[in-house]
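The chain below stands alone and is given as structure tokens, in the form predicted on its own.
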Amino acid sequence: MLPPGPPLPPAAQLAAWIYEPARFFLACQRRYGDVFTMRLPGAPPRVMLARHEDIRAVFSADPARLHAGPANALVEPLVGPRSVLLLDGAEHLRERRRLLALFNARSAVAHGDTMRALTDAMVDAWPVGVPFSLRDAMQSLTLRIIVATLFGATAGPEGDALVRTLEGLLDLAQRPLLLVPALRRDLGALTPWKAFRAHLDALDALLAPRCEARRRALDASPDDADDVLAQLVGATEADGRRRSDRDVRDELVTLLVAGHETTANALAWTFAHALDRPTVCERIVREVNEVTGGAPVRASHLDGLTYTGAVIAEAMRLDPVLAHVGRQLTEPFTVGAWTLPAGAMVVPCIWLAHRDARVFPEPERFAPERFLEGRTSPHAYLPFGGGARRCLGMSFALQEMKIVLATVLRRASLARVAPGRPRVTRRGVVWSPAGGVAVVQRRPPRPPADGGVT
């Protein structure tokens, strides 16, 4: 027997889930409590969980009983069927270990100077006195950072072509209609599917020769594998066979997409909260200057930026970009008073869990200090998911966000065009601030900390 949930037809629940997700989840919780069932067209029932005790039961269970692949099927057209997001069991564990070795805190340290240089270049290019979208700026920046991380391509026509193609693809991929499997067909002007497929083909056409060239270079010089792309194309399976082109392509696209879209929106939410509070921005800048001694922000400084990290953490608590994660049950599973049937989807709702007043007093108040006072349960605070499938790029993303936030606030004088908490809107599976966080740079930016040319 499933927990109660809204009696709306599945199509109406789908519309609410796509267009007013925050309001819909809150209304369901108020009416049905911390465990309720959603029903979407053509999909198994989704049992939503808001209490960290129930979420702990999911994330600590044997992964063989709860599969994430079916829950992530919405992103398969973009990342491909061999993405780590779609795999389960031994295949997932093997691929996750492989990627963790590449996409971790050490990688962020190695690329810290590139992150800062690209941020400085972005700030130098911003107009003065003309409104622009910070979310769009962050998407372009984080995309260039992940391209540089994977390919070492910070400039030049090849890197620019890859960035442009990815921007066009992701703009199409984030349209809510593509969340509906029935609309993933070429229906002309009625859906964006045809254009999406064309952009995906263009991306594959750019990636294939890069991968092949890197593989040939490795064959000629096997010890020259110090970049992420080389390690991806040079990896072998357990039996010694070279990985297939399809496997490499799917993981490469997964890293390109997951490595920037979520970070870009998390930065946009963080700036939205911080810019509305001048004292928060001033404290960040003061901390950055004290920790760096006026020098450029480097990876070695990041552990000292504790308040800056707390601001980021609080922004991701109030507005997590991944508001829920799903697991499909392979056998009956008990959550609290409910025994859920095999085939149902159990869904820890991050957005609701982050509003549990037992864990976060005054949950709607922006209070970075709460993250300076002690550790929070990983089942109550989970902006990167949890359990065996927690985001493998978490350390990389947090270091990138600190570098970007510190560099921008230190140099730019930004004011929001329309202060106040933005409404949530969807960009595919990501929750984004509606309106993109429009800002104006009030005066030319300060010179970069090193006084050099960016």
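These numbers were taken from a predicted model, which means no experiment stands behind them. Sequential numbering from 1, following the sequence displayed.
Although it is not shown, the form predicted in complex with a small molecule is what the next lines describe.
K.L.:
Is there a non-hydrogen atom of residue 122 within 4.5 angstroms of a non-hydrogen atom of the small molecule in the predicted bound form?
P.N.:
Output for residue 122 is no: heavy atoms all beyond 4.5 Å of the small molecule.
K.L.:
Going by a heavy atom distance of 4.5 Å, is residue 316 a contact of the small molecule in the predicted bound form?
P.N.:
Judged by the heavy-atom cut-off of 4.5 Å, residue 316 is in contact with the small molecule in the predicted bound form.
K.L.:
Answer with yes or no whether residue 266 is in contact with the small molecule in the predicted bound form, where contact means some heavy atom within 4.5 Å.
P.N.:
Judged by the heavy-atom cut-off of 4.5 Å, residue 266 is in contact with the small molecule in the predicted bound form.
K.L.:
At 4.5 Å between heavy atoms, is residue 368 in contact with the small molecule in the predicted bound form?
P.N.:
Judged by the heavy-atom cut-off of 4.5 Å, residue 368 is well away from the small molecule in the predicted bound form.
K.L.:
Give a yes or no on whether every one of 254, 350 and 383 sits within 4.5 angstroms of the small molecule in the predicted bound form by heavy atom.
P.N.:
Yes.
K.L.:
Quick check for you: of 84-92, 334-342, 212-220, 299-307, which stretch puts a non-hydrogen atom within 4.5 Å of the small molecule in the predicted bound form?
P.N.:
Heavy atoms within 4.5 Å of the small molecule in the predicted bound form occur in 84-92.
K.L.:
With the small molecule left out of view, which of 65, 421, 390, 31 would have a heavy atom within 4.5 Å of it in the predicted bound form?
P.N.:
Contact with the small molecule in the predicted bound form is made by 390 alone.
K.L.:
Of these, 146, 311, 346, 229, which has a heavy atom no more than 4.5 Å from the small molecule in the predicted bound form?
P.N.:
Going through each option in turn, the one that passes is 146.
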